[in-house]
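Okay, here we've got a single chain as structure tokens, the form predicted on its own, with questions on binding and movement later.
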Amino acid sequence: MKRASGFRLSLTGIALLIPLALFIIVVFLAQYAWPAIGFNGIRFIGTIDWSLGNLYMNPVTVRGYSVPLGANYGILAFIVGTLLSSFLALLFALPVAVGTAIFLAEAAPDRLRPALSMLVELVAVVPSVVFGLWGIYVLAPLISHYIGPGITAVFGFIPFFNIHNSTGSGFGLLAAAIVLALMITPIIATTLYDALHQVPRELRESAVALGATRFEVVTKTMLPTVRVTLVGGVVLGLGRALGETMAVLMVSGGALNYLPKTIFTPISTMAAFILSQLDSALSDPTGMAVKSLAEIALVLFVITLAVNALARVIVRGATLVRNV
């Protein structure tokens, strides 16, 4: 009995390590960013002007805080860039991921299924910098010369899809979304494939016995059975997209202080901006710039947490509706 209690306590201690580490990181971020939170206030998430100020003059005191002259920290443009690129990536990735998972589970030849599944999993472990380089030398020129003009020819009457309203370089929101979609598609596909593979054979055979077609078996029997896992995979993919740094930094165009007006406009995401600005921020003698970057990380964490919570609410609501 004592051995069993000790085993349970050991497992509990190990299981608590991850939430404890997360708690420590959040507390550190909040404590470190506290002066920036006090200085920036609500303007931090409601304005788009980001300036480190004059780092070569003596700092001035503003609202009780010592900051460089002219310093201003507003991140609305980065929040919009992060959310738009992530949700567009999800929009591109979800149909491909679901189709891939269904193909692997239902249509792929038995002999080829393990190899095809392994290939999909391999894409998930490709370093992000490789996607970034591909985006620079292949995707951006394609968008600039072919994809962008093609979209403009069809949907150009909508300003958001008109490449002539942007720089036309190919670096921007669309490039970032496509690269992110490539990175999160394997995550969603492998998660869904594992779930579809676990659906009891009796369930499929029962549906077929009732006269369902193969399409109906997949869409009305298997996918509803694994909907919670599907949402979990989507949340995992969305979390990866929200926090991706290097690949987005390489293809997003590095926009500063303006909101994206078209799908081709250069953007900056929160994670990529932290990385790109860290070196300059470290030269701030007051430290307020680095603390503001820490505040961005805190906001990004809150957004990721909110997205996760929203997904769980949606799943719970769908389950309740289905059970009524």
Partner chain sequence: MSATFEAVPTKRSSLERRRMITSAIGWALCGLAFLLVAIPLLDLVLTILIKGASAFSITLFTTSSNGVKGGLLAAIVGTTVLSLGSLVFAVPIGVGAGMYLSEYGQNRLGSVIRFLSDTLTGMPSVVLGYFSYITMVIGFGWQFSALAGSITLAIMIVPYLARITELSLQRVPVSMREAAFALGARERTVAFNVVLSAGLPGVVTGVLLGLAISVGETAPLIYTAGWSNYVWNGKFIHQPIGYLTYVIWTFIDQPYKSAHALAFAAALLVMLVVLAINIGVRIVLRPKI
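The term rigid core refers to the maximal set of C-alpha atoms that superpose within 1.5 Å between the two forms. Positions refer to the first chain, counted from 1. Being a predicted model, the structure only gives us computed values, none of them experimental.
Heads up, the form predicted in complex with its partner chain isn't pictured, but that's what we're talking about next.
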query: Residue stretch of 257-265, 35-43, 270-278, 60-68 approaching its partner chain in the predicted complex, non-hydrogen atom distance within 4.5 Å; finding: 270-278
query: Complete contact of L133, A212 and L305 with its partner chain in the predicted complex (any heavy atom, 4.5 Å); finding: yes
query: V125, heavy atom within 4.5 angstroms of its partner chain in the predicted complex; finding: yes
query: Proximity of D194 to its partner chain in the predicted complex, heavy atoms at 4.5 Å; finding: no
query: Partner proximity in the predicted complex: L52 to its partner chain, non-hydrogen atom cutoff 4.5 Å; finding: no
query: Contact flag, T152 vs its partner chain in the predicted complex, heavy atom cut 4.5 Å; finding: no
query: Contacting member of F103, F87, F160, Y146, with respect to its partner chain in the predicted complex [4.5 Å, heavy atom]; finding: F103
query: In the predicted complex, the one of L91, L203, A107, V231 near its partner chain [non-hydrogen atom within 4.5 angstroms]; finding: A107
query: Neighbours of its partner chain in the predicted complex among 181-207 [non-hydrogen atom within 4.5 angstroms]; finding: L182, T185
query: Core fit, then L259 C-alpha moves 2 Å or more between this form and the one not shown; finding: no
query: Shift of V27 between this form and the one not shown at or above 2 Å (CA, core fit); finding: yes
query: Closer or farther in the predicted complex, the Cα atoms of A15 and G237, when the shift from this form is 3 Å or more; finding: farther
query: Comparison of CA distance in the predicted complex with shown form for I14, G237, at least 3 Å; finding: farther
